[in-house]
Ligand SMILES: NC(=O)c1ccc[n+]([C@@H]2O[C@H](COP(=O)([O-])OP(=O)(O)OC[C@H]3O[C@@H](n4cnc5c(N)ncnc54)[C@H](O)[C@@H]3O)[C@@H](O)[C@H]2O)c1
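Next up is one chain by itself, shown in structure tokens, the form predicted on its own.
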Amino acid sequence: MKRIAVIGCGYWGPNFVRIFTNLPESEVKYCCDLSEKRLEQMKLLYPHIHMTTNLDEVAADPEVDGVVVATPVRSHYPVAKKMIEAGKHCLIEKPLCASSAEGEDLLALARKHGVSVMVGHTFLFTAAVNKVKDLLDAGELGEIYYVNSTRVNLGIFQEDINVVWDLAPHDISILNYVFGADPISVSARGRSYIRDGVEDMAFITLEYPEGKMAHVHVSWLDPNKIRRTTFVGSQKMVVYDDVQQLEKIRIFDKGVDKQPHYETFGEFHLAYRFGDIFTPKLDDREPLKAEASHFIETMEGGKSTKATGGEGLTVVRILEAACDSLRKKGALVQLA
């Protein structure tokens, strides 16, 4: 039985409390938040959990094995640092921290104190994303040409980060995972329409090895909630729509074939393939539950294979490069 403390009871924190409370391998000992009102609400739901506003109380308790850090991004580093130095394993909500320098320090401290660090890249634990990865790994799509991803909605405007730091970590972590590689360059254009200096929409272009290109559109200013990613391959194409309840993955047996030989321009033409559309059955296990179980495995000495601290640090470096490109009006920033 692993004892967990959840720090931050705003948006994601209560979900982690619910998950770790229901898992047979864990129990939640603490809910920690600066807001007494939030803690009172949590106490009504979970009277057996100790509520506290004192971070030091959590750090000093030797019974606490792991900590979930679900606070605003700017506080990820100081909170996680305190917990790691107290010998606690940490699951930190995305993004890992507010800078790559902070991330490097956290990972160095984790190695020093012999604890694990995971990042809340929850989409890596979804059946849909893993199905896409399986298709790519099996070569069913052929050569991947490009990926187009749209992650937009109306709000929620964040106080301490722009839309790139808020929404793009999902897409970047998914792309790195399914490709099994990190991008080699990034460029980004965006605008601040509502608050000066805080971009609320952006277009990000990522170049991956072997000529793969990915275009990511993120926005807090769209009338529709869209979570759609299209993978275009030489043999097949896949649309992953996370908003859909029943058909999150659709595989299109469509493509374009060049004719092997022609003598005149008048003979030139392309062959278009229009085949079946297939919707695979997916596992309906809750992704956050799978993520929490994986965190428990790492605390028990298992090797983390997804959403590792190192992967989280890579995403932070890409976010920094994208924002550097934003400030330089879309200039290409090399990552490798």
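If you're wondering where the values come from, they're calculated on a predicted model, not measured in any experiment. All residue numbers refer to positions in the sequence shown, first residue = 1.
Beyond what is shown, the protein has a form predicted together with this ligand; the following relates to that form.
Asks: Could you confirm whether T71 comes within 4.5 Å of this ligand in the predicted bound form, counting heavy atoms only?
Replies: Result yes; T71 sits at the interface with this ligand in the predicted bound form.
Asks: Against this ligand in the predicted bound form, would A322 count as a contact residue? Criterion: heavy atoms within 4.5 Å.
Replies: Looking in the predicted bound form, residue contacts with this ligand do not include A322, since no heavy atom lies within 4.5 Å.
Asks: Indicate whether I4 is a 4.5 Å heavy atom neighbour of this ligand in the predicted bound form.
Replies: Contact check for I4: no, nothing within 4.5 Å of this ligand in the predicted bound form.
Asks: Is it the case that S35, even though its partner is missing from this view, gets within 4.5 Å of this ligand in the predicted bound form, heavy atoms only?
Replies: Because a heavy atom of S35 falls inside 4.5 Å of this ligand in the predicted bound form, the answer is yes.
Asks: Which residue, C9, I318, I19, L326, is the contact with this ligand in the predicted bound form, using a 4.5 Å heavy atom cutoff?
Replies: Selected residue: C9.
Asks: Can you pick the one in S100, T122, S219, S187 that has a heavy atom within 4.5 Å of this ligand in the predicted bound form?
Replies: When this ligand is considered in the predicted bound form, the option within 4.5 Å is T122.
Asks: Tell me the stretch among 126 to 134, 141 to 149, 75 to 83, 237 to 245 that has any heavy atom within 4.5 angstroms of this ligand in the predicted bound form.
Replies: Stretch 75 to 83 is the one.
Asks: With the partner left out here, which residues of 94 to 114 have a non-hydrogen atom within 4.5 Å of this ligand in the predicted bound form?
Replies: Read in sequence order, the residues that approach this ligand (within 4.5 Å, in the predicted bound form) are K94, P95.
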